[in-house]
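Quick setup: one chain, the form predicted on its own, written in structure tokens, and binding and motion questions come after.
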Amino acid sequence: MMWKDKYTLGVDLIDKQHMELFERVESFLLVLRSKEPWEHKVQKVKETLEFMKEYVVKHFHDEECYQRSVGYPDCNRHCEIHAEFTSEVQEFVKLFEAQGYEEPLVQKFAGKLVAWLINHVAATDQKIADYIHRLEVEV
């Protein structure tokens, strides 16, 4: 899961945070795919969950502040999408606490992370870049 230039918005802070998210998720996937015993992988799963709970909230806050600062017209919908994803991560946390870190559930979580991150950054967030570009053209 490599970072691609086409994911760049042109907003330094947000792009750096996106790259960090991609690096963390890629590192998580490499551990899951490794030949280590499952018990050794669980620590990385826990670290990734902690990272997601904290960093994603910070990133979403920074991205939403940026959207408001430039008057992005779809900011409210974008915030709702962020809130929905945050809720989904929280649901996984609850499932892990209730069921343990069983491999099928962790694999499902990993798939969700990858799909959401790529789709969100490559499609939804690119609308922000398009809006910014239109603003620059109009000025």
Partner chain sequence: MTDLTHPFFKATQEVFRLMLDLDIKKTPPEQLSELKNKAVNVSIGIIGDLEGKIEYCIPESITLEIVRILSGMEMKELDDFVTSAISEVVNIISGNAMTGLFDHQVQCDIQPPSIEYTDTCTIQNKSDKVLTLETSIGQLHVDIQLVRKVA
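Numbering follows the first chain given and starts at 1. This is a predicted model, so every value here is computed, not measured.
This next part talks about the form predicted together with the partner chain, which is not shown.
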Choose one stretch from 56 to 64, 36 to 44, 93 to 101, 23 to 31: the one whose residues place a heavy atom within 4.5 angstroms of the partner chain in the predicted bound form.
23 to 31
Although the partner chain is absent from this view, report whether Ala110 comes within 4.5 Å of it in the predicted bound form, heavy atoms only.
yes
At 4.5 Å between heavy atoms, is Tyr131 in contact with the partner chain in the predicted bound form?
no
Any of the heavy atoms of Val114 lying within 4.5 Å of the partner chain in the predicted bound form?
yes
Ala122: heavy atom within 4.5 Å of the partner chain in the predicted bound form?
yes
